[in-house]
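First, one chain by itself in structure tokens, the form predicted alone.
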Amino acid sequence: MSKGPLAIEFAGIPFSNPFMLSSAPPTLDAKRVIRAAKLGWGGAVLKTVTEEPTVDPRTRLGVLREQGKLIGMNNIELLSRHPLKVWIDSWIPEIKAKAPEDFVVVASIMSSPEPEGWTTLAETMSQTGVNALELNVSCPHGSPEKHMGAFIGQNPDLVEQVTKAAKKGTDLPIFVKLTPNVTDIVPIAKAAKRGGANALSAINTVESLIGIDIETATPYPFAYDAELANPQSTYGGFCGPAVRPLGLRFVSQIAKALPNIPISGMGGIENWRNAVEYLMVGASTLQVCTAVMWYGFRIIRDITKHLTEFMKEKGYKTVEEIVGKALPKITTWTALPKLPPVVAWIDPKKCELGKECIVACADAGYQAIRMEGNRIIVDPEKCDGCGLCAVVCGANAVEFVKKE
């Protein structure tokens, strides 16, 4: 096993670093995976395979922007469009032959609720030389219509059943990829563990409708017919930075409920800071998709470089020392201190006099902020310490201090 600062063991598998490509378009064939491996990714979860290849609509990606910046994406793409034989006879052997020796390859599989399908797929893919299997019981669109994907992942009994079935077909570590489209993810995670899961992956995409073209009353993304007329759409899987708060929530909930099972975290990881956030709430490997689709495989170089620098600066010797660091500080609402003597203070050196804080506090806060000459100030007698001013301040000029 690599002894570098980012090396980590996950479900008994040594990783040179904790970063994997998640099962998605960036892992749809051998060529892409090999290129990513040579650029420094620690591993990849291959595009999900099932008994029969799938056919996708065109187009199948919709985007959400805020002031021109990409913040989220919706997809209505399904599984691998290539037959099992291509993966087994050609692509996986090619990846294993051409990728660095320590590059981890995880096969993603999906079948119906019938246990036999999972057993057979697990057995078949295990013979290819992959390092582990990931069970896709969480695809939120298309697959549930066939009683697959999230149809299974939303039912603890089915999750336990198919996990047990897959275990029958392999001695490899099994990851179960969980859906966020549930009221409570913990019972699903516990069911996967009962079924024999060696690790959990969280989260898959969030079922969504990305938006509507109001000129034609057509939802995005447009799925065109053969005549490029009468486009339609459907609910898809939402991903990207906008889902990171959900991913952090679900990973932390699983980590607190099941502290002894490894978690591969994903959902809106764009940079090394996001990676540290996921590590601190309990993930020990990290899967990336959307950021790669937007910015390319080379982002791994900046991510690993800056994570290594952060660890050195903070005195972390291993990635394991970061894992779960924030969990003790996540408590219940009831346990939180109420109305502490904290008020806002605006740093005049940072303040750009944008006045967003004045408007927000006047209309939705406590009328505690005003202009005084060429400075924005806070009345500590009126301020309630709610934090709204810090939310709207684009200059990061708001601090919170103890009320005198």
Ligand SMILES: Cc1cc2nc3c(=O)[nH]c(=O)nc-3n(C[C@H](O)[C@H](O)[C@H](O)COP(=O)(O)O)c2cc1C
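Numbering starts at 1 and runs along the sequence shown. Because the structure is a prediction, the values reported are computed rather than measured.
One more form of this protein, predicted together with the named molecule, exists but is not displayed; see below.
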None of Ala255, Met266, Ala192, Val106 but one has a heavy atom within 4.5 Å of the named molecule in the model of the complex; the exception is Met266
Identify, from the list Ser284, Asn75, Thr304, Ser208, the residue with a heavy atom within 4.5 Å of the named molecule in the model of the complex. Asn75
Any of the heavy atoms of Asn204 lying within 4.5 Å of the named molecule in the model of the complex? yes
Just to confirm, Gly169 within 4.5 Å of the named molecule in the model of the complex by heavy atoms? no
Does the named molecule get within 4.5 angstroms of any non-hydrogen atom of Ala11 in the model of the complex? no
Does any heavy atom of Ala197 come within 4.5 Å of a heavy atom of the named molecule in the model of the complex? no
Quick one: find which of 318-326, 284-292, 121-129, 160-168 has residues within 4.5 Å of the named molecule in the model of the complex by heavy atom distance. 284-292
Using a 4.5 Å cut-off on heavy atoms, what residues in 13-38 are near the named molecule in the model of the complex? Ser22, Ser23, Ala24, Pro25
